[in-house]
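Next up: just one chain, as structure tokens, the form predicted alone.
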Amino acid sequence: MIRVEGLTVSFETVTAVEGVDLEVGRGEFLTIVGPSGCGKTTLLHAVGGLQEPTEGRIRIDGEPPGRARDAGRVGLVFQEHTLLPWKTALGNVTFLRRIAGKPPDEPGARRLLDAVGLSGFLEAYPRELSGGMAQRVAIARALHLDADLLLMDEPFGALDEITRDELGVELRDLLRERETTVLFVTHSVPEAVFLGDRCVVLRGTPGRIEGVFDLDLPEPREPSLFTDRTFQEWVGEVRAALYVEASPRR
């Protein structure tokens, strides 16, 4: 579905990513982990058509990212929920679909809010929601586009550990059910391993791919996995690729 070939993105005084080659299959949950400044967000923005490559190219189902984005096939969720404060949870979910020129589907929006545990908060405003609840609304809003691809830039970064674990379980189950392709940026190695079918490690300035890990873990992913020995071994391997020279399993 996604093909990144020789991607380099440079700004006036710095090159953010260089020589990135990556393929992502339809319905795959790909996590991207790396230290600050290694170009994770730049890579995500380039795939989403928000940043033009300096060199190389990106295709989503054979088309430029901007075309897929304009057609409403790409959803984005950021660390800050960016909800409109004057709209209710339901209004925020339906708003983006209208902007994309797609027909209204309020029953679908209600089902999505129910799926993320917010059926009792349809008429609540963002100021009345906790951080975790607001992020659930933002995720439902992106999914309501019926997007083929969901780009998530540290969406749980501002949440406490328990909430982010719970939301991660809900998110993965929901997205696998809908067969949505996901690129998920995080600073957390355990989160990257828990959520991902594969995990890409970016490192350096400019950022380059240090390793790509095929995460052979049981499905469905449950919180009990955090204490599993195999899970801990994967966390160790991914962490090693961040700090030392490694030969990751592919």
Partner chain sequence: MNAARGVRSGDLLYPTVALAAGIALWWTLSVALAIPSFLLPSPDEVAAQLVGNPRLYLVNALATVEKVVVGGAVGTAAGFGFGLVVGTIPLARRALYPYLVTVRVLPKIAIAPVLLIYLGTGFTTAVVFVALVTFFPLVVSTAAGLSRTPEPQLDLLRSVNAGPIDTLVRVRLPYALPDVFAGLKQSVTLAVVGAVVAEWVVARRGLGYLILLGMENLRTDIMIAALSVLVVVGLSCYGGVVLCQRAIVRRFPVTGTEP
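Positions refer to the first chain, counted from 1. Here the structure is a predicted model, which means the values were calculated and not measured.
There is another form of the same protein, the form predicted together with the partner chain; it is not shown, and what comes next is about it.
Participant: Looking in the predicted bound form, is the partner chain within 4.5 Å of a heavy atom from each of V212, L217 and F231?
Facilitator: Zero of three within 4.5 Å in the predicted bound form.
Participant: Does any heavy atom of F78 come within 4.5 Å of a heavy atom of the partner chain in the predicted bound form?
Facilitator: Taking the distances in the predicted bound form, the answer for F78 is yes, it comes within 4.5 Å of the partner chain.
Participant: State yes or no: in the predicted bound form, is some non-hydrogen atom of L84 no more than 4.5 angstroms from a non-hydrogen atom of the partner chain?
Facilitator: Close contact exists here: in the predicted bound form, L84 approaches the partner chain to within 4.5 Å, heavy atoms only.
Participant: With the cut-off set at 4.5 Å between non-hydrogen atoms, does E222 touch the partner chain in the predicted bound form?
Facilitator: Result no; E222 lies far from the partner chain in the predicted bound form.
Participant: Determine whether any heavy atom of R111 comes within 4.5 Å of a heavy atom of the partner chain in the predicted bound form, and answer yes or no.
Facilitator: R111 lies outside the contact set for the partner chain.
Participant: Picking from 159-167, 69-77, 175-183, 115-123, which part of the chain touches the partner chain in the predicted bound form when contact means heavy atoms within 4.5 Å?
Facilitator: Only one stretch qualifies here: 69-77.
Participant: Looking at R59, H45, R198, R203, which has any heavy atom no more than 4.5 Å from the partner chain in the predicted bound form?
Facilitator: Of the listed residues, the single hit is H45.
Participant: For the stretch 85-119, which residues lie within 4.5 Å of the partner chain in the predicted bound form by non-hydrogen atom distance?
Facilitator: Result: P85, W86, F95, L96, R98, I99, A100.
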